[in-house]
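First, one chain by itself in structure tokens, the form predicted on its own.
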């Protein structure tokens, strides 16, 4: 038992030193190589803790090797452009000029619900308030509002998302299916052609057709 305690303490302190050496970035901000290294470190470190017959050197040698590789891989992109393209992803423009890029959303495996959730967290009620939305390299969305802010209109409820009725949003907006059908008929738009339809608390509707988004 004392031996296991000492081995655990040694590995624990060694991992803390290694992670401090790698930096203070959070998991969501790690590059792919850093995330892989973190997963491998935890797996390697567990071996001598669960099996007392395994020497500590069997953990330290792979850990040192991984750290050396991580240092080299983090240094090469700063000097060689090929490695930068290989190791780093590029920002993705999800909204450009106020238009949602559906192809880029699909490529990034992002749903319209995901985008709306991020908009609401950032304090925006509708995509029409934005000039650009950019998915950064660290996986976070950056928003750039249009220069002329619109008048206050409350929450914009997404009553149609990619051609499908969002019943929860209809209830939140205190609207009925009949109202929705009338609004679609008024705009001469088939529901299957709607990418996003919102209604704000003042009753103003906004319809974005699939043909109006970037394909």
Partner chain sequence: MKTFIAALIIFALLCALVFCASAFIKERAHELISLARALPATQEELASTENLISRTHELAALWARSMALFPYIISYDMLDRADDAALSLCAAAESNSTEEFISARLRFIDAVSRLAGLFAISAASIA
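Positions refer to the first chain, counted from 1. All values reported here derive from a predicted model rather than from experimental measurement.
The protein also exists as the form predicted in complex with the partner chain; that form is not presented, and the subsequent description refers to it.
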Problem set entry | Contact test in the predicted bound form: residue 53 vs the partner chain, heavy atoms, 4.5 Å | yes
Exercise. Should residue 144 be classed as touching the partner chain in the predicted bound form when contacts are defined as heavy atoms within 4.5 Å?
Worked result: no
Exercise. Can residue 179 be called a contact residue for the partner chain in the predicted bound form at 4.5 Å between heavy atoms?
Worked result: no
Exercise. Is residue 76 one of the residues lying within 4.5 Å of the partner chain in the predicted bound form, judged by heavy atom distances?
Worked result: yes
Problem set entry | Which of 164-172, 54-62, 182-190, 36-44 sits within 4.5 Å of the partner chain in the predicted bound form, heavy atom basis | 54-62
Seminar exercise, completed: Heavy atom within 4.5 Å of the partner chain in the predicted bound form, from candidates 71, 110, 134, 117, belongs to 71
